[in-house]
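Before any questions on binding or motion, here is one chain by itself as structure tokens, the form predicted alone.
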Amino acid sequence: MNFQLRKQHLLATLEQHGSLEVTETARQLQTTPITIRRDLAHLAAKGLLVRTHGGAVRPHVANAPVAFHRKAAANLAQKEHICRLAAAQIADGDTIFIDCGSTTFPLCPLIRHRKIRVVTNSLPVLFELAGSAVQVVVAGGEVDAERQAMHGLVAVEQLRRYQVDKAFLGVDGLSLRRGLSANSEQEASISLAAAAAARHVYLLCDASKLERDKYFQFAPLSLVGTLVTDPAAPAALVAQYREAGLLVLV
């Protein structure tokens, strides 16, 4: 198959699914992954797609939508405080995971200068750190355009292959009784895979989410090593989380 036919297939796949993987595309077209990577590089240079680790996404998917920025702007001062505390836990040479949540996103400008590796399923994190001192690895999978993230079985399987020093996770709800809860099973599966790959798990959670239970409970408090929150968290509640076995940074 010549380049023009491969190009049509690649662009049609991106139009239909939002993303593609090099290995699977090479199998479908009965060619080599090297050929597909070369094709993707050519199309990326023309602005027809954006490369990711192991594949590509459509250009408009790569631009963080208004919905993400609106969510990221909520409780921004608290999130920035939390991320300053979290950034202080990162050492040069670390390999870390940053999830797709709006609470973890403000970590990016604080670590752009660091000689570290970041594994992420977040497109905003990818584009914020691209071109910085950070080496970025994207866990590929299905593109969730609303969340600006990679989800699904492929992303989970890829995360299982990695070993990271520290995972920085957000959460929709946290409580002493039910542990970690989420609004989405997809997000929960990514959090579980990242936590399993990490030597230490940091949960970045502003005070408004403490003692809030969401639809899907997916992990006990013991999944977390350190809870990072903001000064609005009640001191008595912070003490209870510490009694439950968590390190807490406020």
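Between two forms, the rigid core is defined as the largest C-alpha subset superposing within 1.5 Å. Note that the structure is predicted; figures quoted are calculated from it, not measured. So that there is no doubt, residue numbering starts at 1 and follows the sequence shown.
Missing here is the form predicted in complex with another copy of the chain; even so, the following discussion is about that form.
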Inset, instruction - Given another copy of the chain in the model of the complex, answer whether the residues 78, 110 and 180 all have a heavy atom inside 4.5 Å of it. - result: no
Inset, instruction - Could you work out which of 176, 87, 74, 145 is the residue within 4.5 angstroms of another copy of the chain in the model of the complex, going by heavy atoms? - result: 145
Inset, instruction - Select, from the options 131-139, 78-86, 163-171, 91-99, the stretch whose residues sit within 4.5 angstroms of another copy of the chain in the model of the complex by heavy atom distance. - result: 131-139
Inset, instruction - Using the partner position in the model of the complex, report whether residue 34 sits within 4.5 Å of another copy of the chain, counting heavy atoms only. - result: no
Legend entry - Non-hydrogen atom contact residue 232 with another copy of the chain in the model of the complex at 4.5 angstroms: no
Inset, instruction - Would you check, heavy atoms only and a 4.5 Å threshold, whether residue 154 touches another copy of the chain in the model of the complex? - result: yes
Inset, instruction - Although another copy of the chain is absent from this view, report whether residue 11 comes within 4.5 Å of it in the model of the complex, heavy atoms only. - result: yes
Inset, instruction - Determine the residues of 169-196 with a heavy atom within 4.5 Å of another copy of the chain in the model of the complex and present them in sequence order; the list may be empty. - result: none
Inset, instruction - Using a rigid core alignment, state whether the CA of residue 196 is displaced by 2 Å or more between this form and the one not shown. - result: no
Legend entry - Rigid core superposed: residue 43 CA moves 2 Å or more between this form and the one not shown: yes
Inset, instruction - For residue 11, decide whether the Cα shift between this form and the one not shown is 2 Å or greater, given a superposition on the rigid core. - result: yes
Legend entry - Direction of C-alpha distance change in the model of the complex, residue 135 to residue 11 (at least 3 Å): closer
Inset, instruction - Note whether the distance between the C-alpha atoms of residue 133 and residue 47 decreases (closer) or increases (farther) in the model of the complex, against the displayed form; the change is 3 Å or more. - result: closer
